[in-house]
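We begin with a single chain expressed as structure tokens, specifically the form predicted alone.
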Amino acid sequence: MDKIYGNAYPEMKRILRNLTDEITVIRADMTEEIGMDPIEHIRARIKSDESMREKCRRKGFPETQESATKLIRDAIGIRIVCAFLDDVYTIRERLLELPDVELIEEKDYIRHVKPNGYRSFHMILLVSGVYYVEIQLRTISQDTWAALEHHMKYKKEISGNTELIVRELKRCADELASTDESMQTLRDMINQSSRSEQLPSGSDQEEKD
């Protein structure tokens, strides 16, 4: 048991497990509807004792269960990496349809990109009226960029050319975003073509009439 969470930890684990199971159901339903899996992968975690204590200190909060579960709202976290941009927003809608889930806050860093190029959709949900869960929704490209940016950001030996590195990271983020948009357009075109092929032709319809 992570000590900072005290007797809340078992319930937090239950909530994380249940919400992950519900996301799996959403995933299966969407796969049946659209004919492909909308999710590349899911990562779920409860922030470690050490990490939570460090965040409490950074925020100026006492290192208590109250701080960890009420004042800081990302102790429970789920990252959902999607195949296409539209899937991000569809899954967002499906999450809000779940019982015992209340939307507390959301930030769309896909449509409102951070200055460094970071893109993701963040949600804070209150589950069962008790515990907060942070959800991050992003595409494969956005997740790849964020992971690489994180690794480079914490390379302590980096010195000089910092401005150039920042500009190049932003350029890479923009190029990946353009690819996401192009791939979404291609999927829409393929889906539209598929639907058109399934419709009866005019002559066939006349023969049936």
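Quick note: we count residues from 1 along the sequence shown, nothing fancier. Worth saying up front: this structure is predicted, and the values here are computed from it rather than measured.
Another form exists, predicted together with a small molecule; not displayed. Remarks below refer to it.
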In the predicted bound form, the residue from 177, 46, 146, 169 that sits within 4.5 Å of the small molecule by heavy atoms: 146
Please run the contact check for residue 92 against the small molecule in the predicted bound form: heavy atoms, 4.5 angstroms, yes or no? no
Is residue 150 close enough to the small molecule in the predicted bound form to count, meaning some heavy atom within 4.5 Å? yes
So in the predicted bound form, does residue 132 come within 4.5 Å of the small molecule, heavy atom to heavy atom? no
Taking any heavy atom pair closer than or equal to 4.5 Å as contact, tell me whether residue 102 reaches the small molecule in the predicted bound form. no
With a 4.5 Å heavy atom cut-off to the small molecule in the predicted bound form, the contacting stretch among 58-66, 161-169, 34-42, 178-186 is 58-66
Suppose contact means a heavy atom within 4.5 Å; in the predicted bound form, does that hold for all of 13, 14 and 24 with the small molecule? no
